[in-house]
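The chain below stands alone, shown as structure tokens; this is the form predicted alone.
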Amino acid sequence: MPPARLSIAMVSLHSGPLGPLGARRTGGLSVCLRELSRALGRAGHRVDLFAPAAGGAGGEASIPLADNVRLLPVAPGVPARPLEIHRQAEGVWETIERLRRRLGTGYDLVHSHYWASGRAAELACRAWGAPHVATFHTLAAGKRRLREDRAELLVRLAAERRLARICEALTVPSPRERDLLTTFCRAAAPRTAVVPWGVDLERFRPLPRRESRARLGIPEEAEVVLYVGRLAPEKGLKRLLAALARLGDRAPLRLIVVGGDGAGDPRRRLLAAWAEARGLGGRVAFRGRVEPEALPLFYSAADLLALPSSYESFGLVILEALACGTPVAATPVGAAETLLRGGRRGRLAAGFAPDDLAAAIAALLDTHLPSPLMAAALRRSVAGFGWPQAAEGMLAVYRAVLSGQEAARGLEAGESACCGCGRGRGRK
């Protein structure tokens, strides 16, 4: 039987839990690392997170993140590009082992995050005699149409297939991602478990709409579409701008973009010019990166959140918006297909064409009547997706692995996680 209190080594070498969210290397993965490790710590388990610290800090000092959780900085010395991290795994592993020896700790298991962390985590598991649980967060198969570096994608696919073969368990946050993993990485279904991510239900809650708009300087009569995320090409902001251009007859319609590296971000300048060329210059406001504490204000002021991505493994912003009582219009990516099924929480675009997204946005604007009662209903619909529930799902996988069971079967035995539809979450 696994111990009641686990000692977990998390390895994430491409992105850490700290730093400004919405910037190039700090997005959903950073949120997952921070919130999952904290939830595990609150449940009494010890988590050491081997990851870059904000600003590239490194050294011998650990950084407390929460009760039972500490960050062990592996930078400087760790390259920024995933391919270089993968290629320098032996050197990174030596840094991890040096930190472990200094602390005199041992671990029940290793949980690696993102493909670039896998090889170093594999070396750690071999040396420590610990099982390996891997979460890729995104997959090469999902990015194969995004015009990314083909040489890196081929190396990445090979690395993901190797991890799918040797790890005791693999976790994915949505059924769509499980299908990619079993199809393209040849992962064994019994060792692959769907553990949906969570949302901070204390932070993300509805705020009064009128007051939120007043604080942000948004006219009461405006129809507001909100985008929250990085400005990376796969996030689909050009698709969203093209969709809004097709809705030009809706005079009050405007878009607020939250995210990016600031006014000097070249991607922001290109997107602003692209919007201007299509007559949207006066209707698009780039607000840059905002502190997480301010995000509920933006969600509460918006009529809807748009998720226009070409690929998402989950889409954390969907849960954040719904927790704030704001519906979502999304392309068919990640957990959107299950979370938005039936139209109760928003609208799912029929495909990835701008016309498809425009139709979903228009339908939602025409049918959704903002009110405190509607906001409360949307929030209740995701009440079972808190980070404690996500941690319970992950713990079910950990315990199955440590007991010699298949990960998917161990997850089925618990009642905290589900296929991503939400029907099995939060049951009493």
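This one's a predicted model, so the numbers in the text were calculated from it and none came from an experiment. All residue numbers refer to positions in the sequence shown, first residue = 1.
If you look for the form predicted in complex with a small molecule, you will not find it shown, but the lines that follow are about it.
Visitor: Out of 109 to 117, 91 to 99, 257 to 265, 238 to 246, where are the residues with a heavy atom within 4.5 Å of the small molecule in the predicted bound form?
Guide: The contacting stretch here is 257 to 265.
Visitor: Of these, Arg345, His86, Arg191, Arg289, which has a heavy atom no more than 4.5 Å from the small molecule in the predicted bound form?
Guide: Here the answer is residue option Arg289.
Visitor: Between His132, Arg176, Arg230, Arg209, only one gets a heavy atom within 4.5 angstroms of the small molecule in the predicted bound form; which residue is that?
Guide: Of the listed residues, the single hit is Arg230.
Visitor: Glu160: heavy atom within 4.5 Å of the small molecule in the predicted bound form?
Guide: So Glu160 does not count as contacting the small molecule.
Visitor: In the predicted bound form, is there a heavy atom of the small molecule that lies within 4.5 Å of any heavy atom of Gly28, even though the partner is absent here?
Guide: Yes.
Visitor: Although the small molecule is absent from this view, report whether Phe136 comes within 4.5 Å of it in the predicted bound form, heavy atoms only.
Guide: No, Phe136 sits far enough from the small molecule in the predicted bound form that none of its heavy atoms falls within 4.5 Å.
Visitor: Contact with the small molecule in the predicted bound form for Leu123, defined as at least one heavy atom pair within 4.5 Å: yes or no?
Guide: Looking in the predicted bound form, residue contacts with the small molecule do not include Leu123, since no heavy atom lies within 4.5 Å.
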